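Next up is one chain by itself, shown in structure tokens, the form predicted on its own.
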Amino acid sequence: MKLFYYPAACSLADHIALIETGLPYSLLSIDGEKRTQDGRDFLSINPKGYIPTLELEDGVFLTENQVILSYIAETSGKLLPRDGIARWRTFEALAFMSSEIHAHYQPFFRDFPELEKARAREKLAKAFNILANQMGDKAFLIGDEMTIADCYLFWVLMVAPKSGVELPDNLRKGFDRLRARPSVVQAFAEEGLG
């Protein structure tokens, strides 16, 4: 598998999941001109023009974090409860983080008016409180075992300082625990992050 990524972008969640599961992968970065590290036109691979994108062994491409994370978990048999409500809570958390957190980071990555940033901060603060309540005092978002939801959670928490929203204490502690995991340390090294 080949993961198309930008360093420190949301594709980091997929990168962490690949390492956690032990699936073989290679990384291909995308530059500002939408060219891949191996010289291809990224828009011909993913017309949406954004990452992550995962190229499978048979040449099929998958896009969207939720889908790629689910594919990695299903393929490896790891990072996703097999059955029961925890499985559905994992998918629920992925959807929530995508729609209610990731989507509201947009004003902080582009030149948006302060009013839009203020609205986004309100929504983000509410969303982080919901996640904090869901996590409670558990080691991970869904329970005592890491899931693909935690891979995505790491990224959404890592980006939170750009918004100026203060994270609840248990999410900050959860972020610190995840940051110390060997998979995260390895992903940072492979993406050239500090």
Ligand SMILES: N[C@@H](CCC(=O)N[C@@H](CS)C(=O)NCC(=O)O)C(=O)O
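Numbering starts at 1 and follows the sequence shown. Since the structure is predicted, the reported quantities are computational estimates derived from the model, not experimental observations.
If you look for the form predicted in complex with this ligand, you will not find it shown, but the lines that follow are about it.
With the partner removed from view, the residue among Ile142, Leu131, Ile51, Leu167 that has a non-hydrogen atom within 4.5 Å of this ligand in the model of the complex turns out to be Ile51. The listed set His102, Lys117, Lys78, Arg87 contains one residue whose heavy atoms approach this ligand in the model of the complex to within 4.5 Å, identified as His102. Within 4.5 Å of this ligand in the model of the complex, a heavy atom is found for every one of Tyr6, Lys34 and Trp155.
In the model of the complex, none of the heavy atoms of Glu55 sits within 4.5 Å of a heavy atom of this ligand. Interface residue remark: Asn65 is counted as part of the site for this ligand in the model of the complex, having a heavy atom within 4.5 Å.
At a distance threshold of 4.5 angstroms between non-hydrogen atoms, Leu178 is out of contact with this ligand in the model of the complex. Shown alone here, Leu18 lies farther than 4.5 Å from this ligand in the model of the complex, counting heavy atoms only. Across the options 20-28, 181-189, 7-15, 167-175, residues that bring heavy atoms within 4.5 Å of this ligand in the model of the complex belong to 7-15.
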